[in-house]
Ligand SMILES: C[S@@+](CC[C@H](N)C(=O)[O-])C[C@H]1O[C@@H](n2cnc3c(N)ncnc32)[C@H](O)[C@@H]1O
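The chain that follows stands alone, in the form predicted alone, written as structure tokens.
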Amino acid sequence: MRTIGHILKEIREEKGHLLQEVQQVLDIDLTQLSKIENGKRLPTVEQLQKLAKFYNCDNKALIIQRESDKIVYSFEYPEFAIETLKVAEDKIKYGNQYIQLFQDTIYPKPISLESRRYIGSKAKLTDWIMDLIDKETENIGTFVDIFAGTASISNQAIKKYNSIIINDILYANNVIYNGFFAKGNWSKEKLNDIISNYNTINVDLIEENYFSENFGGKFYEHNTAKLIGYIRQDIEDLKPELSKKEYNILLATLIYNIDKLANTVGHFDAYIKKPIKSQPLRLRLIDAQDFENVKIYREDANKLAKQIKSDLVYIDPPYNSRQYNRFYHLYETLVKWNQPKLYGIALKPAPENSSLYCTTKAKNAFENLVYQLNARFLVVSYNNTYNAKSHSSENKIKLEEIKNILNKCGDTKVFECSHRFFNTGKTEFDDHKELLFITKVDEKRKNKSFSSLLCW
């Protein structure tokens, strides 16, 4: 094996210097110089710098050779040397993120539903909400999550109640629900084989695509975007060979794995205008299950309300002007894969599925919703950002309006919990709280109070 000593000896001899001459000029002990050239000891960095200057050599190149010798000499198990060096390379390249990469490799546990970043997510409030529902309601057989969002509430309700309805108007959310919850035939081994293949793709060998050309270098590092687009198209090409459940699992898996790599603060209304650090995209399967007691819809909540009957409806609509279809437009584009024309700096498609709850019509929409619902209990989540300093964060339905509307339906209790809110970095708000309204519906009171809504 060629060591730094052998290299130094060859350079010295090529330059025509005797070892004693080098020792006299550089004032380095002759015995040390001899041992260095014979590979019996490593030169110090200071010694290398002197030698590099004397030989007119690249100081950096010699130090790299020295460091490689240190690594080689340290091996206790030479048979693992090549693999060990590859791991060391990844650790240096990816820094702290290597820990996650290692965990995904050595212990490929599935990704949980709650691990996604999402505005208004109730993942940290789920236990509090479900405990209150348990205490304040009774005989619940059918549970409806009509603005499901991340579906963290549905995820717990599935295990407690006989029948669950999950609804959200976004295409990406619908795919996620079907991937995590829907009944259907699927092979975990088959999907793992597909994902393993994706994890071995050499991004340098694939072509540019719609996703990389539009989102590369903006929402994602360019090579990452190229790989995302390639995988998305491949899933579409595989669709004839996949069950509906498998197709949705793969799409949901792609969304959850790229979520943590996005060059954003947690949504796609804008991207961070700084150089994007290269990160590995290594897919890990979502924690997919299938349940007999789940029905999944992608409907306008107010329209769906006319079609369903339930013991309890959980209501968590958007309350401010931030449209979810615009905040998560990239996932909508990725799921639909119709490659639409994109507009503006944030590269959004034409608006679709906009919510009245993000407009001045929010109060009327909410009033119509609760009137249309056929349920014994209404449970409404609400956060007190109605006094927010940011206009876009200010609630479109006021607290008193919520109370008045629900009191028209029946006796209503209000509970509160301190909660750290999602912040993009611009919104200032103190003493943030999550409020939960639980209404026991009185049909006679409700019909009398809402008689004017028959023509809504």
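None of the values given here were measured: they were computed from a predicted structure. In case it trips you up, residue 1 is the first one in the sequence shown, and so on.
FYI, the form predicted in complex with the ligand isn't displayed, but the following is about it.
Participant: Using heavy atoms and a 4.5 Å limit, would one call Asp300 a contact residue for the ligand in the predicted complex?
Facilitator: Asp300: contacts the ligand in the predicted complex.
Participant: Does Lys122 make contact with the ligand in the predicted complex, using a 4.5 Å heavy atom cut-off?
Facilitator: Yes, Lys122 is a contact residue.
Participant: Taking the ligand as it sits in the predicted complex, is Gly216 near enough to touch it, meaning that at least one heavy atom pair lies within 4.5 angstroms?
Facilitator: Residue-level check for Gly216: no, no contact with the ligand.
Participant: Even though the partner isn't displayed, in the predicted complex is Pro317 close enough to the ligand, meaning a heavy atom within 4.5 Å?
Facilitator: Contact with the ligand, yes.
Participant: Would you kindly say which of Asn174, Ser355, Asn257, Asn368 lies with a heavy atom within 4.5 Å of the ligand in the predicted complex?
Facilitator: Exactly one residue meets the criterion: Ser355.
Participant: Have a look at Thr224, Asn155, Asn167, Thr253 for me and say which one sits with a heavy atom within 4.5 Å of the ligand in the predicted complex.
Facilitator: Looking at Thr224, Asn155, Asn167, Thr253 one by one, just Asn167 meets the 4.5 Å heavy-atom criterion.
Participant: Is it true that Ile146, Ala151 and Tyr324, all three, sit within 4.5 Å of the ligand in the predicted complex, judged by heavy atoms?
Facilitator: Judged in the predicted complex, Ile146, Ala151 and Tyr324 all sit within 4.5 Å of the ligand.
Participant: Within 4.5 Å of the ligand in the predicted complex, counting heavy atoms only, one of 240-248, 82-90, 355-363, 225-233 shows up; tell me which.
Facilitator: Single hit among the candidates: 355-363.
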